[in-house]
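Form predicted alone, single chain, as C-alpha cells, below.
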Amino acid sequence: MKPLRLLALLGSICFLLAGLAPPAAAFCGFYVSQADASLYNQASQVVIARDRDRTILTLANDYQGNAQDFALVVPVPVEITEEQVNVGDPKVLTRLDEFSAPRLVEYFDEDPCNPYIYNSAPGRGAADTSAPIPEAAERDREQSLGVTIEASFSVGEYDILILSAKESSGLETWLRENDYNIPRGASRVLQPYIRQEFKFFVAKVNLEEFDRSAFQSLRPLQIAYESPRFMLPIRLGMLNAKGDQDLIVYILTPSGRVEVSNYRTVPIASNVNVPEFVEEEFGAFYKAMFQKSYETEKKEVAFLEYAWDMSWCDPCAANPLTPEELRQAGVFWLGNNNGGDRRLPPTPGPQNVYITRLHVRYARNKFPEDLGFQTTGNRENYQGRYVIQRPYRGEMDCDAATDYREYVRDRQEQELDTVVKLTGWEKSDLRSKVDWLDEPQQKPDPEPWWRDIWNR
C-alpha cells in the first residue's frame, strides 16, 4: 500500500499552524482509530458555502497516520444520502488560503532630496458498490444498542456510513465493537447530538480504491445538506485534543460577512507598520501576535482575518478564485440565470461571492458550545495586513535630509514599540535586529589654506 503523505498546510501564513501551534484534533468530529494506532491532526480547515438554508461543507484535515487507520465521525443535522457526498479538490483550499491569508506588504520612501509628485488615479469520484449488508446477528446487535445504519455507500476513496442512535452509550458501544478506538468520554459528548436528532456521518478509507488512485493524500470530503442550522460542531473534536486547537473557517456567501453568533468575533490587529526584520520572521511574529491576542480576549473569541468580495482584492496576495474554482469550493449559486444548475457553466463576469475567513483557537474549558454563525450582510472589506515602510538609504545631500532622518528614526522606534505591544516580545532583544537609518556623517573640516605654509 502506498504511504499516506500528510495533507499540506496551505498558503503563505499557514505554517503558523504547523509546528508552531500545539497538536490538535478534528474540528467538527473526532478521529477514531482501529486497534491502537496513534492518531492526531495538527490543524483543521473547513469551507462552508451557504445561501439561505442550503450548505455545502468541505472538510479538510491535516491528518497524520496510515490510511488504514483513518476514520472520521461528524454529527450532521439531517440524514445524508450518497448523492449529497462528494470528494473535493485539495487545491481549492490552497487557493482560498492564498487569497485570504494575513499578508505582509512593503512600501518604499522616496528620496527626500528629489521627491516625486504622484498623479493619483482612481468532481466527484466514482462510487463503489455499497458495503455488504450486516448479517442478521449484527442487525440484532445494532437494534439492541439503539443504533441504525441509515445509509451505507462509497464515494471515491471513502466508505461511508450514516448512523442514527437512541442512546449515546449504545452508539459508543457500537463504535467500539466495530473496531473504532474512540476517545474516552465520547458518550457524554454524543448525547446532546442524539437529543437533537442529529445523524452521524462516519467515513473510513477504502484501501483498495485508495491504492488504485493516483492520489498521495486523502482528499477533502464535501457534504451538501439543507437545514436552518448554521453551525459547525466542534465539541467532539475536543475529546482527543492535545492542547489548544486551531481551526480556519472559510465561509462563502452571496450576501456578506459572517460572524460567530454565540461567541464574540474580533478583528485581528491590522494595518500597522512593523520593522523590516519582520519580513524574515513573519511566521514567528504572527504566531506571537495571535497568541497574545488570544490571551487578551480570554481565549473565547473568533478572530476575523479576512472579509472581502471575491471578485477583487487590494493588495492581492493571490488572484481571486475563478468561477470553476468557486464551484469546486461548493459555491452552488453561480449562474443563477441557469437556475443554479451546477452542470451548466457559471455566468461570465464578476461573481456574487463574499469570503469570510475566521480563525478560532479553542479549548474544552473556553468553548463549551459548538460554533453558531450568522450572516450580517456587512460587505465592508477587511484583511489582516502588516506594512513594512522601507526608508530611503541612498545618498541625501539637501536641507530636507536632516529632518527626514530624524523622522525615520522616530518611525522606526514606533514600529519597534508596535511589535512589542502586539507580541509581548522584549524590546531589548529586538533593537539589534533593526536596521536603523544612520545619522548623517559629519564631514571633516577642510584644512586651512595657510596651515601647510606654517608647517614648512
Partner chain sequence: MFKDARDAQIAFLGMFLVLGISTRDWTIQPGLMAAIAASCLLTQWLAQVVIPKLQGQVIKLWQLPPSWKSALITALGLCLLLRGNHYWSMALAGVVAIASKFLLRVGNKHFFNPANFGIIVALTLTPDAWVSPGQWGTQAWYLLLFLGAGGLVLKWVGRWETSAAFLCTYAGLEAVRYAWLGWTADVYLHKLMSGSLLLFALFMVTDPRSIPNARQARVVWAVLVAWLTFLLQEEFFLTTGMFWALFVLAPLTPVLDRIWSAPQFQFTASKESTPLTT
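It should be emphasised that the depicted structure is a prediction, and the values quoted were computed from it without experimental measurement. Positions refer to the first chain, counted from 1.
Heads up, the form predicted in complex with the partner chain isn't pictured, but that's what we're talking about next.
Practice task
Note which of 148, 374, 273, 94 lies within 4.5 Å of the partner chain in the predicted complex, where distance is taken over heavy atoms; exactly one does.
Solution key: Contact check passes for 374.
Exercise for the section: Would you mind picking the one in 235, 359, 199, 204 that has a heavy atom within 4.5 Å of the partner chain in the predicted complex? Expected result: Only one listed residue qualifies here, and that residue is 235.
Handout entry: Heavy atom contact within 4.5 Å of the partner chain in the predicted complex, the stretch among 284-292, 298-306, 152-160, 321-329
Key = Going through the listed ranges, the match is 298-306.
Problem - residue 98, heavy atom within 4.5 angstroms of the partner chain in the predicted complex - result: Residue 98: no, not in contact with the partner chain in the predicted complex.
Practice task
May I ask you to state whether residue 379 is within 4.5 Å of the partner chain in the predicted complex, using heavy atom distances?
Solution key: Because a heavy atom of residue 379 falls inside 4.5 Å of the partner chain in the predicted complex, the answer is yes.
Practice task
May I ask you to check whether residue 174 falls inside a 4.5 Å heavy atom distance of the partner chain in the predicted complex?
Solution key: No.
Problem - the partner chain contact in the predicted complex: residue 266, any heavy atom under 4.5 Å - result: Yes, residue 266 sits close enough to the partner chain in the predicted complex that at least one of its heavy atoms falls within 4.5 Å.
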